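In structure tokens, one chain follows: the form predicted on its own.
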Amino acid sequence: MPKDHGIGASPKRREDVRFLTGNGNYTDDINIHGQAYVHFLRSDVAHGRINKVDTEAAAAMPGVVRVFTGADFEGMGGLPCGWQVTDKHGEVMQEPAHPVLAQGKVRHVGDPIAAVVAETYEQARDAAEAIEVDIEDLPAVVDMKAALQDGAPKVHDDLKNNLCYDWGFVEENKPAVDEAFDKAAHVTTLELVNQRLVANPMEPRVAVGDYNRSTDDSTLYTTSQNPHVIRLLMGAFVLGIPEHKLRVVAPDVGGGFGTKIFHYAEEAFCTYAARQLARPVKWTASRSEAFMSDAHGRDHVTKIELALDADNNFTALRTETYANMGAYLSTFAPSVPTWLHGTLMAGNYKTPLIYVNVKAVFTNTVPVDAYRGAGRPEATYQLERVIDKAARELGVDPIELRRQNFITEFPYATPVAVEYDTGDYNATMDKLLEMIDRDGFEARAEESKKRGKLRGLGVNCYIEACGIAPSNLVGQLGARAGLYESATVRVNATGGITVMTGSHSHGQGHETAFPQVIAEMLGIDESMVEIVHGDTSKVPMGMGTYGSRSLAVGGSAMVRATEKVINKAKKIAAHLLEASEADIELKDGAFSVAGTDKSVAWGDVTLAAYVPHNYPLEDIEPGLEETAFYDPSNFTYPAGAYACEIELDPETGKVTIESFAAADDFGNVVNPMIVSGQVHGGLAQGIGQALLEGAAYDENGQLLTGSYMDYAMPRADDMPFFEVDHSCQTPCTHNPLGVKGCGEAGAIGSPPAVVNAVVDALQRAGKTDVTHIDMPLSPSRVWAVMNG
């Protein structure tokens, strides 16, 4: 029988009541009496020198409160980068200034030049059109390799060139890697593109700044995945506001996918303008603004080589990647192609030698940062595509080639500096084969052929690293923040519980899953547990939600705080029961004396904590509230095997996904329904990348895909009914819940499965020269390959 409560049960998401009834409280729902509105004048050229910004006419227009330009922010800090990468020569990366409003130059289409604050949004927008800007056009650089050539236009005049860093990992492996390739019985080489993506969450970004002149307190309401980090970065490095005078609130947030992790100029501007004007200031992004101001994702160009011995064992892997940073360094951008990508290049395989080289490049494009998966999708895509190509070149079964090279003994230290604690890759592959009816594929392919269609089957594996940690290690790797999480568990006198967590929910179901953990530990009903998040004035400190860290790190902090609560409650119960604390047991919401029928209910103990008439205050202080900070000792390593079956129309090139199966190992699962939903969402985004999505610039740096008329988002009819399974569970060994993280898996594992399936269909149709097609596999691209 399935559980109906606690860990392992699937209660309906409690937050969905307000979301589905229109009672959510999103940032754009926040309107403060007396607020003014902001419109940003953004650059319509990718690269240019600002000769003059004349705001006189705009300032005189109806309703205008004030017009701000870059001059208003001179002498102040720019937007900080949260990670510093040191290159293979021991030099720190080039780190240009990132002003709130452009100063001296504009560096990408969408770069904010000026901001108009007015009584209404319409008045602000109209006034912005009256600003006269004299920009001297400069040559734009968009192509990464061209940006590194001698004489290329420099995005930042004060830097040596457009190279942010040249990172080699693991550098001491390189001679042995090169030797292994020289001795290899077979080498497979593949060049591929992991195209630029725009995250497109349902809710665009919003910022509302407020200022209390009587207390000198500032408040920012923002669409953020980590409000504490925004408070730290903006207060300390941009505006110079002490943290105790700055509150950041992230209420309901309609999707993030990574793009709402970062500190943006609009947040700093609204906070600053509210202080300057002594009134609230609000900005809501239009969708077209989002396309040219939200951080983009991916944008890697890679050459990957796989060396094998005569028995088809992997002996070495070598990659060279160009990673686009865009015009500025977004908050965590330098870490994505390096520590979140290079460290995952071993994948599920016992490849003894690996070398990864990454050149990060500045271009006149929107900054690029973490997007669902962040580095791990890029690593998985490279690896799983080159393995599939190697299997075809060798004439062996791609599944058996993978099985032969699977890691089977744990813990396993990879040659790229991480240690997998647990896993069973054969188990997830076995489960996948149960799900997909591989033996029946030929019959299905024959049926497709009768209808004039081609059919293909693609299979791949993935592994990812979640809950990036520990702080002392990432600090050595260049992180400028800790990566712990905090939780405060406050027990009320009548037994109800309020949990303040530094994790932030923007679709993950925290308000449902977190109470399941607390309720299981205490033996009480989930309805007695309330989750509070997203407000720096209520939560002690927190690092937010990204990298599938919420349960593994945030949940573990809750467990540690709850353990402290239980320990104190046992002391109180022992006194009430006149027994030794060592003999007290907690089960089903009651404390009992082991081996007796003496017990006291949870509610009686909590009441005694706040009405301490009957216990010694010299031994136990009143109250029942505990805080814990949890800093993991390692990543967690979810893994799985995915299969995609497609049908291809040779007349049009259109690819239709007929079925998709995902067998994942997420360790222990708290809420199977929520986990399945997270996998579904990730699969939709990964399939969207594989078949539809891609941001494109022309040679002048103009964004050609700046609206939904040009950027193809996946729709419901692009997706099959997914078959997902997470019954293969190898619990994580180093967090108290044994969980691994699930939110990004679908987006990591699905793109290579789709591409493998399309290549398989073409190979079966006799197109043996087609070994790769770059994403997105649009009908026109597939048709051109077939008819080229």
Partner chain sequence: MYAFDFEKPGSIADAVAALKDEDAQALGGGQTLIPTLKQRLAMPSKLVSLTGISEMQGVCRGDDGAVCVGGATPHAVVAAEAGDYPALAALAAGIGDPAVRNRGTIGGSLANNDPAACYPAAALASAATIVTDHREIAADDYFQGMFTTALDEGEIVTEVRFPVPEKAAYMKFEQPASRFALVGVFVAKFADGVRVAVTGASEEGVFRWTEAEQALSGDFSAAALDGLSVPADGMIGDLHGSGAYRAHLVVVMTKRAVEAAA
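Positions refer to the first chain, counted from 1. These numbers come from a predicted model, not from an experiment.
The same protein also has a form predicted in complex with the partner chain, omitted here; what follows describes it.
Position in contact with the partner chain when the complex is considered in the model of the complex, options Thr705, Gln276, Asn700, Ser471, heavy atoms within 4.5 Å | Contact check passes for Thr705.
Out of Ala176, Leu692, Ile135, Ala493, which one falls within 4.5 Å of the partner chain in the model of the complex, going by heavy atoms?
-> By the 4.5 Å heavy-atom cutoff, the listed residue in contact is Leu692.
Decide whether Glu122 counts as a contact residue for the partner chain in the model of the complex under a heavy atom distance cut-off of 4.5 Å.
-> Result yes; Glu122 sits at the interface with the partner chain in the model of the complex.
With the cut-off set at 4.5 Å between non-hydrogen atoms, does Thr652 touch the partner chain in the model of the complex?
-> Within the cut-off, so yes.
Quick one: is Asp717 in contact with the partner chain in the model of the complex, heavy atoms, 4.5 Å cut-off?
-> Contact check for Asp717: yes, within 4.5 Å of the partner chain in the model of the complex.
Verify the contact flag for Tyr711: yes if a non-hydrogen atom of it lies within 4.5 Å of a non-hydrogen atom of the partner chain in the model of the complex, no if not.
-> Tyr711 belongs to the contact set for the partner chain.
Whether Asp126, Glu129 and Trp783 all lie within 4.5 angstroms of the partner chain in the model of the complex by heavy atom = Per the other structure, all of Asp126, Glu129 and Trp783 touch the partner chain.
Segment assignment from 202 to 210, 240 to 248, 565 to 573, 643 to 651: heavy atom within 4.5 Å of the partner chain in the model of the complex = Residues of 643 to 651 come within 4.5 Å of the partner.
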